[in-house]
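The chain that follows stands alone, in the form predicted alone, written as structure tokens.
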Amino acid sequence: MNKIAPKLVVRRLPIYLHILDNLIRNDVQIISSRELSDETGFTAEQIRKDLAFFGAFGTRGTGYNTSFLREKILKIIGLDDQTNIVVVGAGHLGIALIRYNVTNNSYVNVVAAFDIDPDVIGLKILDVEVMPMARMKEIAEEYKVKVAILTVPSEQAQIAVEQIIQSGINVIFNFAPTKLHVPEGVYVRNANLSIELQSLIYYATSEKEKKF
């Protein structure tokens, strides 16, 4: 039986993939763990340990073949086939995420968006149609969707996530600023933009201005 990778290792894999994509675009064929360390900020030892968890992908004294390593990481993550996703909530943030993923993220395919607002239902964002929530289960089954991006207001989030789960989707990227209650086997990653911005403001204030 395959071992389950630690969460921190899984979170670093897309960073390696992003670096490899850029290297391949620039015709770089071989990269060492030390060079990957310079690109990512992780130690060379950490990078070697992360990759060794899944197998032997490099050659001692030479490094990693960028194309070969990229293909292996794609398969590990599950991006060797394009992943169908949906966006739940077609407000400003939802629309921005649809546009970004359609134009900049070749690893996913946004098959639909969902909302409860009759004023946006039927609209198309770059050929992605906004549909009523009642159609989510139908679309999820048709396209074998397992991932949803949630961008609804916090007071609607729990109701929306229950509909997402009932549709057979068990991976949720949550942009709603609230804690979601989900059953075992459903995976939620929270992205609170307000908290991230507020924490960054710390670095915008000089030490002289800080008062404790």
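Quick note: we count residues from 1 along the sequence shown, nothing fancier. Everything numeric here is computed off the predicted structure, so don't read it as measured data.
The same protein has a further form, the form predicted in complex with another copy of the chain, not shown here; the description that follows concerns it.
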### Task
Spell it out for me: taking another copy of the chain in the predicted bound form, does every residue among I76, Y100 and V171 have a heavy atom no farther than 4.5 Å from it?
yes
### is_contact(A96, another copy of the chain) in the predicted bound form, heavy atom dist at most 4.5 Å
yes
### Query
Should H92 be classed as touching another copy of the chain in the predicted bound form when contacts are defined as heavy atoms within 4.5 Å?
yes
### Query
Quick one: is P183 in contact with another copy of the chain in the predicted bound form, heavy atoms, 4.5 Å cut-off?
no
### Query
Is there any non-hydrogen atom of I121 lying within 4.5 Å of another copy of the chain in the predicted bound form?
no
### Query
Which residues, if any, of 9-26 lie within 4.5 Å of another copy of the chain in the predicted bound form when only heavy atoms count?
V10, R11, P14, I15, L17, H18
